[in-house]
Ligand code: GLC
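Next up: just one chain, as structure tokens, the form predicted on its own.
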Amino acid sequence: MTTLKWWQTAVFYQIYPRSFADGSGDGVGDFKGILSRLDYLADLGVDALWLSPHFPSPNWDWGYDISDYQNVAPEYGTLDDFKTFLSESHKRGLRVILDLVLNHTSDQHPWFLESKSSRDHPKSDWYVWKDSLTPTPLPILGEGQRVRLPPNNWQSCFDGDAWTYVPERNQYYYHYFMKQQPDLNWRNPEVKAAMWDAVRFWLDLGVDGFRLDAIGTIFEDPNLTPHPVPMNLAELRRAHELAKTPAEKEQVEKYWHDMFMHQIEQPGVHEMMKELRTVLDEYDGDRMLIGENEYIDYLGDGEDELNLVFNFPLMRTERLTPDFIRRNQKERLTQLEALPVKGWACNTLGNHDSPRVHSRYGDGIHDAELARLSLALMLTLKGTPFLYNGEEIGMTDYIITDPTKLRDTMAIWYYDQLVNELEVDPTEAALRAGQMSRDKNRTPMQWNNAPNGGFCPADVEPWLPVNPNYSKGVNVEDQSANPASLLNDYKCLLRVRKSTPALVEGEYIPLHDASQDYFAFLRKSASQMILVVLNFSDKRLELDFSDNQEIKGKTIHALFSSDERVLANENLRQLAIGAYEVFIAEVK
């Protein structure tokens, strides 16, 4: 295998710590629980862990509202517990990257409490403060009752107005997310210095890099240009739900873009990423950065910004089809090839913010087969794969229709808006809120067929309800004992990838471009060539690859099949592929 960086050869596995494993018995996942499952992760075959936020937080956004960047949330354990987790992960050959939230802090962070206390405080300019739209409040409704107008009509992407008034300063602060998440003022060099100190704190402990949260929101239009959309966020979400025709859906998409176009992807972010890269380059060990972003210009010149960005466009479909995947790969890889230094691809189909792969891309009939195809796609496409905890056992979305059990504050707000502002029937509102909530794909990991799925003790209520399908085989223990389970397919496919250089470093060569039923391609390195066929149909196929110039006159030896076949030499002229089969073979 040619010389590649560790993050190019690794398979990443995202851990949502609150829902992964409860080691202290209080219904909340923690480092003690994660530590007890490290052998499981090593045996699974992943190489690196992405840990969602573990910092102290009031948990309005479940860790993405940070009140201390250099510590561990008490419910997860102590800083020493983190150090043990990091050390034990490294002993098992597992790299660890942390979630770094740069755009905002918690409104309970000491920086914000100081900033909001007075316009004269030394930290007064650490956040984005603006005066009211009018110089003085407007009197209404008689003596003593006044109304203030926010600086403009910008919306938070979570819960309505993007501005919150603070009497101590007689000013508004800006928040792209919820009001408990005030945006930092990155134009202030003191803010940068403080944040880079926090980054160095974790790098000094030995973490291998960072996943950068919401980097596109760090700067906003300094002219505060209003958006032109004739509705607020709640109304737009409702319009999205009710849109039926292509024209209606297109209009809603345009409104989404126009509502936030002055609040995202503004000048300044690339310069900031260059500074952060300089900080990481102070350290040995190829520390890495991946952005929660799809734009490849964040890769810079290959040496001065991020190492990876996600191929999010691959996720934007209701069904994964051969034609859609082909088009995505052609566009994405062409863009990466055109960079000054060729960029490295990064693929994913799920995370803590999106519906689970099993639910999102299933058809309600062949969900298990399609889940295997989704995994095989991640492990055979060119680039670094990111997997999400629970995918390996086929965990599904669990729609919570009791509003009192919702924990996602965005969904709680939306339920309130639907019922009280838009006058939607409470039953429908509860369903809509449950469907849009991120709670559905953050439910606790299902370890065995026991109360609470083995996540926490039977007599303890978990922080989110456990999906009851743990009792129907969707759990680690039952699938470990079943050779035909999705979990064992995961392990097998991860082993095949790790032992097959072309699947890690090889170029991507599409085959049979007109096929609507199957996705076929080669991965070709200097030393090896691999044929991959993913059948997305319920048809049994007989395929002929014998006239392809790359493999003409060669033979193939099967390395993996999800169908019942003997792994042996196969005929390129009459290659039989079963319904929904994953087929991987070496070309010789």
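For every residue, the number given is its place in the sequence shown, counted from 1. These numbers were taken from a predicted model, which means no experiment stands behind them.
Only in words, not in the display: the form predicted together with this ligand, which the text now covers.
For the chain shown alone, Phe177 is a contact residue for this ligand in the predicted complex, at least one non-hydrogen atom being within 4.5 angstroms. Although the partner is absent here, Asp478 sits far enough away that none of its heavy atoms falls within 4.5 Å of this ligand in the predicted complex. Remark: Tyr298 does not count among the residues lining this ligand in the predicted complex, judged by a heavy atom distance of 4.5 Å or less.
Not displayed here, this ligand is approached by Asp213 to within 4.5 Å at the level of heavy atoms in the predicted complex.
For the marked spot (Ser67, Asp107 and Phe112), a heavy atom within 4.5 Å of this ligand in the predicted complex is absent from each of the three residues.
From the list 213-221, 499-507, 398-406, 334-342, the contact stretch for this ligand in the predicted complex under a 4.5 Å heavy atom rule is 213-221. For the options Phe324, Phe82, Tyr415, Phe158, the residue carrying a heavy atom within 4.5 angstroms of this ligand in the predicted complex is Phe158.
A heavy atom within 4.5 Å of this ligand in the predicted complex is found for exactly one of Arg238, Lys440, Arg372, His352: His352.
No residues of 482-507 lie near this ligand in the predicted complex, the criterion being any heavy atom within 4.5 Å.
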